[in-house]
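Read the single chain below, which is given as structure tokens and is the form predicted on its own.
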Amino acid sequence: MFSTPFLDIPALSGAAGTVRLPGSKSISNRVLLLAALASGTTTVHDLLDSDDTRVMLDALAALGCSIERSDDGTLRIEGLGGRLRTPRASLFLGNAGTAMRPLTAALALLGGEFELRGVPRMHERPIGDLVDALTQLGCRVDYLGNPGYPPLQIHPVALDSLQLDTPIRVRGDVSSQFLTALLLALPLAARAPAPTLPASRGSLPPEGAVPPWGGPAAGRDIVIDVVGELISKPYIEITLNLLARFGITVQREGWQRFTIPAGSQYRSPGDIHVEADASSASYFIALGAIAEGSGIRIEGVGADSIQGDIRFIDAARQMGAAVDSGPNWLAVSRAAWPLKAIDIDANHIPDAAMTLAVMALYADGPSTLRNIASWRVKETDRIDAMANELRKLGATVEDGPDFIRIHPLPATGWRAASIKTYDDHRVAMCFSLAAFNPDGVAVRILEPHCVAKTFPDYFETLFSVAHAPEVPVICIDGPTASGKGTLTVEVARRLGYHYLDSGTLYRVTGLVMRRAGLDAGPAHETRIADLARALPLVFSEGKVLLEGEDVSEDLRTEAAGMDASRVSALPAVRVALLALQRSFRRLPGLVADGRDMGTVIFPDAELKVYLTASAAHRAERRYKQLISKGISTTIDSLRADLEARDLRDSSRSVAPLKPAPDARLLDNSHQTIEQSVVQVLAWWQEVQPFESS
């Protein structure tokens, strides 16, 4: 996951390959709650690992639920059997509506004292219609802030005090999550009577007691009536499907009345697999439709998915995508181009429909998405957000209370833009598709880490199948001990770019040479080059692995540095390592350090920096490093050694150490690392098409 303040996506030209999607957020959090409420142990496979599922898991653990995670990510959840082990808790639920709303309903019926909070945006997302429905029953829920919104305080009630003689009424035209919450929780009140505990009605049980209380109200049909038009019906279908898996068969009359039969009890299915997320599939379905190439194969979800957002493929086909499907897979490729404009009621695919808004930029006429009022009460006001950011790209956009109309962008009409994501994962993922524009302009995604809500590795997955005509490169060259390695690592970290330490490649080559009993001279040059060409090298989490062996410490010795300098003077070795070094140029970008990065390896780099410092300053820095490691040396000997290396590196016949003609000189003799980093990032900003971020 990219945790940088922004992520620059260069112009992308095509895509091809296979992606494996994470589990569905909607299914994952429903399964977790049902597994917690059920009797028995549920083993959950392929659960989504994201911000929203983590807050749900944390909440369930705080409520006394036993959760075990195996090495392969499988979870074993010991159900509570409808009875809490923890009667008091304060729960933080982030910005997860799929946790806040169902837990509100379940905890209001389970009998305990609970405080539910979230991030500031969650406190702006309505929950009043759900609370109104619960108070009809006799549940006790107080608002701790603005009426109708979290945070909430839930107080205990006895099940025998609930008013179940008449249907429970809940609005369906704001969010389908209100109805889902009731459907998931109300079987608690429909089950057969349980033994009555010696507690007065409405009082909090003593520590260690097992709420809730049984009574005459239990063991009867419970009826829910939906007031108004129910939106996002496919999400209710997911809820009903999963309830059936856990032993609850809900009877429905159209989309207006739902009946939970008397005696309903949650029963663990034993094992349950979470489908890949159909909403996340929409970005790669769109990618296949937009990008040139042999197409995209999506694994983990097929056209027979229980998720409503799979119907996004119907809209994609209308716009010109070629979509094939099989058991648990989709294959998508471009057919019609430009895409065909679309006018669609998108109420049934509210999350995936956001992807259509970006696809509309590539269409042959204006596209309209209707009946999407629910966008305004999601992670952000998505109608306003999409309209604002589409306009930044140059598009003409019209919007209203429940619709958005997008006019396509012609060639030469695209603008490079910094996309504000509003801490909304779907905004970030949608707008990455704008990088495939015909004008070849880049897109900057602000706060890209917001995708952690549902798809932490989204950008990595996108980059694994996308192609770019030019991947950005920053070259930082300079003499030994100039600090270029430290500078390069930090610049790469702040940009979210890959990192190449070319010196390490030469150090590893020197190590392999020494282990093979060779000498860095003309007699062994060919054999050393052959070894360099086939280096089984992996950079992982700050470690250098050679055939799986961590050789990081071996490469930090003075002897390794001397060997690297010697083998780098061999022309055949430099040629052998050329292709290996260039293979590090991968999306979204690369920061490379060495002695010839800007002159030989990446002569077309957008930014080249030649970092230097006086031999005296470099010797002093190296002296402090070695002394701190307990290595005895003198500044004079180190300075002499550095000057000898400088002479050898600058006078070699192949790729001598020297600044590229277009390099920017940076003398850091009197600078801190942070000052050098700030300077390089400022130079990088100057050559980018975006305003400062």
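Just so you know, these numbers come straight off a predicted model, no measurement behind them. In this text, residue numbers run from 1 along the sequence as written.
There is another form of this protein, the form predicted together with a small molecule, and it is not shown here; the text below is about that form.
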Counting only non-hydrogen atoms, the one stretch of 432-440, 117-125, 563-571, 410-418 within 4.5 angstroms of the small molecule in the predicted bound form is 563-571
Review point. Is the gap between residue 556 and the small molecule in the predicted bound form 4.5 Å or less for some heavy atom pair?
Key: yes
Exercise. Would residue 594 show up as a contact with the small molecule in the predicted bound form if we use heavy atoms at 4.5 Å?
Worked result: yes
### Query
Wondering, does residue 52 line up within 4.5 Å of the small molecule in the predicted bound form on heavy atoms?
no
ask   = Is there a non-hydrogen atom of residue 504 within 4.5 angstroms of a non-hydrogen atom of the small molecule in the predicted bound form?
value = yes
In the predicted bound form, the residue from 347, 461, 480, 305 with a non-hydrogen atom within 4.5 Å of the small molecule is 480
Partner-free chain; cross-checking the small molecule in the predicted bound form, the single residue of 45, 652, 69, 658 with a heavy atom within 4.5 Å is 652
